[in-house]
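What follows is one chain in C-alpha cells, specifically the form predicted alone.
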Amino acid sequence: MTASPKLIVIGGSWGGIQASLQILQQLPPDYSIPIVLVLHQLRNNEGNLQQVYQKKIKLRAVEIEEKESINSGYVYLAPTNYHVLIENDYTFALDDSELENYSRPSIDVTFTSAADVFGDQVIGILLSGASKDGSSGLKYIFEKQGKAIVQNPEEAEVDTMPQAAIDLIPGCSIMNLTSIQAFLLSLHVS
C-alpha cells in the first residue's frame, strides 16, 4: 500500500464487538479516515449497537442508511439483515439479497465493494469470529493493493475467522489489537 488511505473497513463476528471497541476507543473525534464496521448479528435483531458504540468511542457512530455519504469523523455501522455496498460516488447502498457465508450483512460483500471503489486506498481489518466470512473480501483488498490486516488469532476470542484469512492471504499483516490501534492513530491527519 503506497497511497494515502481513504477508507477503513472492519469486519468481525463472535468477539468482534469488544475487539473493535478496543481499537476505536482511542481514535479522536475528528479522525481523518471514515470507518465502516460490519459485524455479524442475529437477523431481525433490533439491537442497539449504535448506542453502545456512541457511549464508548469519541467518533460519531451511526447506522448506515441508503445513499448516505461517507465522511471522516464517523464510524458507520452495518444494519442488521442488509448487505452494505460502497458506491462509486462514495455513498452506501443497502441490499437484502441472499445470504453470503450464512450472513447478512456479509463482510465479504462490503470488503469487495470497498476494494472496487477505493483500490489501494482502502484498509481492511478482520477481527475475531467463528466463520470464514471476510477472508475472500480481505484477499480481494490485498490483490487490489490495499492493506490487509488480521487480528492475531492467539488474541482473538474466536480464532476461526482470523485464521481463515491468514491461511488464504499469506502476505497479510497479523497484528494484536493494540498494534492495530497504534497503526490507525499513525494515519490520522489533523
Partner chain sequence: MKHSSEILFEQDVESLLKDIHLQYGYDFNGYARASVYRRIKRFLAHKHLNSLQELRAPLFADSFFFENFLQEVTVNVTEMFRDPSFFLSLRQHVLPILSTYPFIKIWDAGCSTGEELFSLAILLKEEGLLERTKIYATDINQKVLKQAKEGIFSAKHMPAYTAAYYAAGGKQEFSSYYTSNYGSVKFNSSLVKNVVFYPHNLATDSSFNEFHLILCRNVLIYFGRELQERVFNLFDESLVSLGYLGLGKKETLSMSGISGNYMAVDKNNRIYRKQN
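These figures come from a predicted structure and were not determined experimentally. Residue numbers count along the first chain shown, from 1.
Although it is not shown, the form predicted in complex with its partner chain is what the next lines describe.
- Contact check for 79, 82 and 104: all three have a heavy atom within 4.5 Å of its partner chain in the model of the complex.
- In the model of the complex, its partner chain sits within 4.5 Å of a heavy atom belonging to residue 66.
- Using a 4.5 angstroms limit between non-hydrogen atoms, residue 119 touches its partner chain in the model of the complex.
- Contact between residue 53 and its partner chain in the model of the complex is not found at the 4.5 Å heavy atom cutoff.
- Shown alone here, residue 88 lies within 4.5 Å of its partner chain in the model of the complex, counting heavy atoms only.
- Only one listed stretch (25-33, 136-144, 123-131, 155-163) carries heavy atoms within 4.5 Å of its partner chain in the model of the complex, and that stretch is 136-144.
- The partner is not shown here, and in the model of the complex the stretch 165-183 never reaches within 4.5 angstroms of its partner chain through any heavy atom.
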